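Given next, in structure tokens, is a single chain: the form predicted alone.
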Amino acid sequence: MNTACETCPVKDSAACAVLTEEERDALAAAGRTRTLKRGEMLFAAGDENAACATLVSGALKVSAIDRDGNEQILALVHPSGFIGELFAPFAHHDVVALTESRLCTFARADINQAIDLYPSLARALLRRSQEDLLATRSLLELNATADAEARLAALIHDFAVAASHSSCHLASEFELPLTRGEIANMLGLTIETVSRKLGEIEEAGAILRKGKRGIELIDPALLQALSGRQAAQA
């Protein structure tokens, strides 16, 4: 395994984890590493032949701009997530870095060739696409049926899941990649409601805020109960 893959923090969780060392080395040879600063765009809606990428570290948002120029955040991408529309002639949405983010990027043609060569990779990407679809449906259901506290608790819970290095438990400390305005945008709330409910979740004893965006998880079971999310499985 080449050095870049060997030291990659998502080597065991990204879609390419299903490949053999030789297959992964061959795929890595076709890719390149790219670092985005917060607010920098990976690709924009309408871009032709937009690159595909695996997020190595950081966080990205997938968003759309309406006719009045208002942004709507549609989804988040966490480390090991795959970004790219393999079967569309152009990108349908903007993909923007929420924090400094490192990616392993590939030309669409190279990924398509890899899918033909490695059926296990095709299955892994299909599985990941299904997980992304379920996450999007979950967000729609949450915003349609849950109250403000449950929406915010669920989002914090999902950030704790994404920040954890284990599927058995949530991360004990992490940074929120979204501003309060972005959280409000994503959850269909006002900034004032986000601030108030964040304080209430802290007062309940589920979390402790540290600095501007830091979160320490004090009572994972309570956060899970407030969110309605299922507990992490061992």
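From a predicted model like this one, the values you see are computed outputs, not experimental measurements. Numbers follow the displayed sequence, beginning with 1.
Missing here is the form predicted in complex with the DNA; even so, the following discussion is about that form.
query = the DNA isn't shown here, but in the model of the complex which of 171, 204, 189, 45 has a heavy atom within 4.5 Å of it?
reply = That would be 189.
query = Considering 125, 98, 142, 148, which brings a non-hydrogen atom within 4.5 Å of the DNA in the model of the complex?
reply = By the 4.5 Å heavy-atom cutoff, the listed residue in contact is 148.
inquiry  = in the model of the complex, is there a heavy atom of the DNA that lies within 4.5 Å of any heavy atom of residue 180, even though the partner is absent here?
reply    = It does: once the DNA is placed as it appears in the model of the complex, residue 180 has a heavy atom within 4.5 Å of it.
message = Taking the DNA as it sits in the model of the complex, is residue 196 near enough to touch it, meaning that at least one heavy atom pair lies within 4.5 angstroms?
response = Yes, residue 196 is a contact residue.
request  = Would you check, heavy atoms only and a 4.5 Å threshold, whether residue 209 touches the DNA in the model of the complex?
outcome  = Yes - in the model of the complex, heavy atoms of residue 209 and the DNA come within 4.5 Å of each other.
request  = Given that the partner is absent here, state which listed stretch (163-171, 45-53, 180-188, 25-33) has heavy atoms within 4.5 Å of the DNA in the model of the complex.
outcome  = Checking each option against the 4.5 Å cut-off leaves 180-188.
message = Taking the cut-off of 3 Å or more as given, in which direction does the distance between the C-alpha atoms of residue 196 and residue 69 change in the model of the complex, closer or farther?
response = Distance between the C-alphas of residue 196 and residue 69: shorter in the model of the complex, by 3 Å or more.
inquiry  = residue 175 and residue 9: their C-alpha distance differs by 3 angstroms or more in the model of the complex. Do they come closer or move farther apart compared with the shown form?
reply    = Farther apart, by at least 3 Å.
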